[in-house]
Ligand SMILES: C[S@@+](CC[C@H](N)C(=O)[O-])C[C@H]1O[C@@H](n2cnc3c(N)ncnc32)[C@H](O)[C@@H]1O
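Quick heads-up: it's one chain on its own, the form predicted on its own, in structure tokens.
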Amino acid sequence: MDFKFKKYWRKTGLNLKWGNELVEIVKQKKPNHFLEIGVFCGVTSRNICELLNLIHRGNFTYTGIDLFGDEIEDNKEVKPSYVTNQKFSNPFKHIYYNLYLKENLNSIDSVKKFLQKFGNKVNLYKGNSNKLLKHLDIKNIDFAFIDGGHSYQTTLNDIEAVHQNMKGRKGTIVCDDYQDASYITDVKKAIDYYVKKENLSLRLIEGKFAVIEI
């Protein structure tokens, strides 16, 4: 299947190389129920929905969790620069989004509109994953991309919540920013601790993605 990651004229935390790396993992695993923690402007969400729509002919679900512009509650969290800097370097994008549409691309309304073609296959939730994952029904999730809060406790909580819901079934968890980002220090510690504790399989991709197989 010739499917490549697209940026859709929006801000994204993944460049084309890493977007396509994630796409290849999803092509291989062919999940039916995808969870993304850390949606940002919805670029990864849109790519994943387009891909799963092709693979499963519309029979898929996507669940996305993000603060969608709310302030981070935990002072141990470090907000990545691409989240804080919403200004486009491309003047045409700046004029189109910031001056013409006056649209905050990281708002839940903007992302919902961006994904509206997929209808009820998409569920977006605004809030802190530490709280939301305790109440959301994610027992059918078979693939999770975790790129939300980057503190030790939030990373650990996210992995644990997803893993506990996947237990007894085949599933894949991909964590971003394992050790490649200088401003992040606790993601690697949390992943290493949980993988060792639960005796899980861990595969690293250039220090960027940590792939955990259930």
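All residue numbers refer to positions in the sequence shown, first residue = 1. A quick note: this is a predicted structure, and the numbers were derived from the prediction, not measured.
The same protein also exists as the form predicted together with this ligand; that form is not shown, yet it is the one meant from here on.
>> If the cut-off is 4.5 angstroms on heavy atoms, which of these, 174, 161, 55, 67, is the one near this ligand in the model of the complex?
In response: None of the other options qualify; the answer is 67.
>> I have 14, 39 and 106 flagged as a candidate spot, so tell me whether each of them has a non-hydrogen atom within 4.5 Å of this ligand in the model of the complex.
In response: So, yes: the whole triplet contacts this ligand.
> So which of 141-149, 24-32, 185-193, 162-170 is the stretch with heavy atoms within 4.5 Å of this ligand in the model of the complex?
Replying inline: The contacting stretch here is 141-149.
>> Even though the partner isn't displayed, in the model of the complex is residue 110 close enough to this ligand, meaning a heavy atom within 4.5 Å?
In response: Judged by the heavy-atom cut-off of 4.5 Å, residue 110 is well away from this ligand in the model of the complex.
> Can residue 154 be called a contact residue for this ligand in the model of the complex at 4.5 Å between heavy atoms?
Replying inline: Although this ligand is absent here, residue 154 would touch it in the model of the complex, with heavy atoms inside 4.5 Å.
> Quick one: does residue 130 come within 4.5 Å of this ligand in the model of the complex, counting heavy atoms only?
Replying inline: Result yes; residue 130 sits at the interface with this ligand in the model of the complex.
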